[in-house]
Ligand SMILES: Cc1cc2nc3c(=O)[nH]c(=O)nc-3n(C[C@H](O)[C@H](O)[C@H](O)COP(=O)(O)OP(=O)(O)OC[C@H]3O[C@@H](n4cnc5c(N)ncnc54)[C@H](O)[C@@H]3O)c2cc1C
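Shown below, as structure tokens, is a lone chain in the form predicted on its own; questions about how it binds or moves come after it.
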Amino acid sequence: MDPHTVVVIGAGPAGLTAAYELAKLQRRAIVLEKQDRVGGLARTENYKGFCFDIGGHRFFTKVEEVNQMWRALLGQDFLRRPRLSRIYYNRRFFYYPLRPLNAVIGLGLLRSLLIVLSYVRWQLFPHRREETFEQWVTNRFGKRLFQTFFKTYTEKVWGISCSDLRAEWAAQRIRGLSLKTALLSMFLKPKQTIKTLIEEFHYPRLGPGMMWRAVKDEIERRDCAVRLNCEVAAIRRNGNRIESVVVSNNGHDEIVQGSAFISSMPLGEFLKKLDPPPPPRVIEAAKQLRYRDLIVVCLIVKKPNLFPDNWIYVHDPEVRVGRIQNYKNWSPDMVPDPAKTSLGLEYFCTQGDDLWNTPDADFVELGKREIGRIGVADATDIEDGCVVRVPNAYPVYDTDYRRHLATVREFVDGLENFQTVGRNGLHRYNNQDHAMLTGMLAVRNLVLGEHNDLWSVNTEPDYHEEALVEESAIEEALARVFTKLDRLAFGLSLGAVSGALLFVATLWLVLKGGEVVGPNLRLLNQYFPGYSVSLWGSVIGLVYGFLSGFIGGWLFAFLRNATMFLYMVRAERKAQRGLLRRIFDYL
């Protein structure tokens, strides 16, 4: 074997992208994958000709290198698909992004008003520190919306309380989204694309596995190797340098040597297989890095059409399914029989718990019952099903994960010819495109001598710009001291509340009736031309109330921010003078 071979462990998006980049640079690469197919968490499974994802994988990115790779490999098989997803809550379906009439009808006028009032309250008096998921979401959406649309589903996914889930998961996954952007998206197209709100995405005709099979073929065409059913049993090192891996294939062990190594396996698994092992404190820290596991139940339904969504989030605590994928709506070619539909029911669990240990046949029956309860299909129309278990699907951001990850990272960064990549290799809940980016940057580090920080790859392509990192740190520090009140959001919220209150008050007086109706409210027509205590007047009052509340809220927020700004300037100058005095005292 060529002594300059780069050994890539794992044929998921990160590992295959790394091998693809190495092949383009005419470097010898060998990919080792323990499964019988490529794609990792983004693979496509097949059951009796029905294709289904391991979770849904939208192909959307702001990373241009990734976008170019997708298009170059798939061409006409890279479809543009409409996105439709809804939330199932309280036995009703809510569109997301939000639609005004659907949201108000589903929640009711009173609950909608309480959600807006809760948002105003948390804008005025937010949590001063955002350490948990609950605090982060509450500061941006209000407590009531958090409890309505976030709490149940999030705890179902992670298996821990929202007060134990770290805020950085929310900041990473819902970046750029707030109640203001969600409300504005009802009426206006956002100027900045927010990933959570996109309405179209690309998708391979036969699922994401089609992409990764194409990458595998291209790697092999360039004289590199992708070996399936090859599990890494041991990783041998000499000091800070890895020299070889021991591969187990059909009961036979083989030593594969290399000059450099890239791995996407879970960090705990990687460290456990090192020979000699790392220090005990590193092993112990790796054991504390937790993962959430996934079970996908694919059901074949004898109906050509069931519902229009790509997927549905299930927030109902009375069923255990967390999300339902409709693969036919991702791509019609995923279903071989146009008279049928296939659904993917996603159950979030932990290895060893009751869900994980449920036999496949019982799991299919559970899926049938829950589908019937939700009402998206009749259990009697389900003709067949299968179950796929996916360990280590989601890295958990629990209370202590940062401390343990720092210990692991310190050791891993000391391995001079090694790069860890991907979601599990970095214990970071990155999307497919960012896992690919870590593979690209790892190759640049090993081959081109660059110094890209793979641990920082997140949701924006400019994550590594030093100036932006510094600016972000400064803004974050200021945000802890001075929470800015959004003028537009506060104006919209206050306007909505004011308009609704005047509308309800007028309507109540009209329904109450009597000889003298609303003598006090009638005085408002001196300020609001055309207003009267009547059915039509209630509509006019709604408009006037909204405009008055919006203007008042906007002005209040402006004056409050201006006051706080002046206070901050004064405080900063005072602090600078105090710091200067301490410096002179020290000298």
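Numbers follow the displayed sequence, beginning with 1. In this text the structure is predicted, and so the values were computed from the model without any measurement.
In what follows, reference is made to the form predicted in complex with this ligand, a form of this protein that is not presented.
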Can you check whether S264 is within 4.5 Å of this ligand in the model of the complex, heavy atom basis?
yes
Find out whether any non-hydrogen atom of L165 is located within 4.5 angstroms of this ligand in the model of the complex, and reply yes or no.
no
Flag F78 as yes or no: does it have a non-hydrogen atom within 4.5 angstroms of any non-hydrogen atom of this ligand in the model of the complex?
no
Evaluate A435 for contact with this ligand in the model of the complex, applying a 4.5 angstroms cut-off between non-hydrogen atoms, and reply yes or no.
yes
Given 424-432, 134-142, 402-410, 494-502, the stretch touching this ligand in the model of the complex at heavy atoms within 4.5 Å is 424-432
This ligand in the model of the complex reached by all of H315, G322 and V364, non-hydrogen atom within 4.5 Å
no
Residue among L73, V256, V232, V396 with a heavy atom within 4.5 Å of this ligand in the model of the complex
V232
Tell me, which of I30, C51, I54, V533 has a heavy atom within 4.5 angstroms of this ligand in the model of the complex?
I54
Residues of 37-65 having any heavy atom within 4.5 Å of this ligand in the model of the complex, listed in sequence order:
G39, G40, L41, A42, I54, G55, G56, H57, R58
